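Listed next as structure tokens: two forms of one protein chain, kept apart as structure 1 and structure 2.
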Structure 1
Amino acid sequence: MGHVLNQQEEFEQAILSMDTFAARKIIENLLESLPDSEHRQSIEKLVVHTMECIGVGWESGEVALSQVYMGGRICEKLLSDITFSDTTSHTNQLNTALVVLEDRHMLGKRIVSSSLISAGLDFADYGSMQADDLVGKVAQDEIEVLLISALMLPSALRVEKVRELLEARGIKAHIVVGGAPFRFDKQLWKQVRADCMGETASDAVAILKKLNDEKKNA
């Protein structure tokens, strides 16, 4: 266990220092030390844990937003370079989109994005959008699961507007929310009429995998 914790700490420091070479070397060493069947799960745990720790550091003022942004970019680049040898199929995955609603704070979205990529899950990255434009995009792309990240309360409250606009179009997309406002008020996700809430990036991965499994078994 000590070795794993040390490895995670080293990876986090490499990401915070924006040392892509060191971060890549840690991942390569991890892959070499494990059987192929454990590669995806181990890399997912490493990246999710690291990005969540960096997110906590940002919320406490110990990590700069630039470190969060660049850390996410580095993780996404490293993950995109990995070819996993497992045979996990995502052909039946629900059509998914990730978005920040009416806000320019991309912290949560970047953490969730890196986590989804590390888990081998496909999604459309919508960046930041207004409610009206977002619903139009959801309709156009036939999105089935909408992951909404919110850092500020006003943005979180706008989720209800998204639900109303979706219903007006007869769209039954599953809305999953996350971010600081929902962690502070455990009932807020219900008030804005989301379907569920994830407290962490790993929760988002678990929720999406669960929805995908339900679709396969339906």
Structure 2
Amino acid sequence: MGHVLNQQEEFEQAILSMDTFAARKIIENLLESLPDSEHRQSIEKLVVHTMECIGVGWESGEVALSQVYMGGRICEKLLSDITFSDTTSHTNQLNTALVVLEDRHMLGKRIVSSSLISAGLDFADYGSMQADDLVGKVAQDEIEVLLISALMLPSALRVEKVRELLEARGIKAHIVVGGAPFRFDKQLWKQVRADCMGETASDAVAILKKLNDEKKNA
């Protein structure tokens, strides 16, 4: 796994400068140097760690949102081009859905989507939905973790309605929120009765992995 960490900085630079060719070359070299059994774990580690670093850079103002978005898209594409022989590492995951609530601003959801895919995490993409329809879909699909992206304050406030509707149906889904209103008001996620808030797409990955681990250990 030391190979991966050695390559991480170079891979991050390639991603930030949107040099798909260089990023692909790093992945190819890594695949060649490792046994098949380590391919999936190593590549996902490289990509997830890189996206984490980029997320931290965005939070601190050193990286721009356009780089986060394009980086996520590049990683998603690179991973989709690889056929892993090992397909066993992502079983026993919580049923997860990703949605934009009552809004058409999709960028945040697209970024989270790329990060989840790159981390090898399965989820249902619900697009943009109204609170009532969303809760019906959550019930139907037996969703256990609901990731909600919001750009506008009214959409963020509707999370509380989702919680109420879920409770009315006796559904105990874990609600994870993210987006601009939650970054500007650090107490807002509590006010709307979410379970937690992610500042970046990488936070969503970390939160979901933690929840999955808790399920495995339960």
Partner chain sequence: MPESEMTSLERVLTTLSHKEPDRVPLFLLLTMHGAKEVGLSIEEYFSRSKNVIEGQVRMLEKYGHDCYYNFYYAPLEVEAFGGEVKYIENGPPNSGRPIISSIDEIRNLEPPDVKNSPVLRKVLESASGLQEKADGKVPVIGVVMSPFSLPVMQLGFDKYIELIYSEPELFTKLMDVNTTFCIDWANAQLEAGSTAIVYFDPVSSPGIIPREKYLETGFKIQKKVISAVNGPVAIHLASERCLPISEDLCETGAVGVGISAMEDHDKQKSAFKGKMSLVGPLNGIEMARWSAEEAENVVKETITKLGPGGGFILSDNHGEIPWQVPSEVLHAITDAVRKWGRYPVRG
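Take the two forms, find the largest set of C-alpha atoms that superpose within 1.5 Å, and that set is the rigid core. Treat the numbers as computed from the prediction; the structure is a model and nothing was measured. Sequence positions of structure 1, starting at 1, serve as the residue numbers.
Structure 2, not structure 1, is the form predicted together with its partner chain. The Cα position of residue 35 differs by 2 Å or more between structures 1 and 2 after fitting on the rigid core. Annotation: Cα of residue 19 displaced by at least 2 Å between structures 1 and 2, core superposition. Superposed on the core, the two forms differ at residue 74: its CA moves 2 Å or more between structures 1 and 2. Aligning the rigid core leaves the CA of residue 59 displaced by 12.2 Å between structures 1 and 2.
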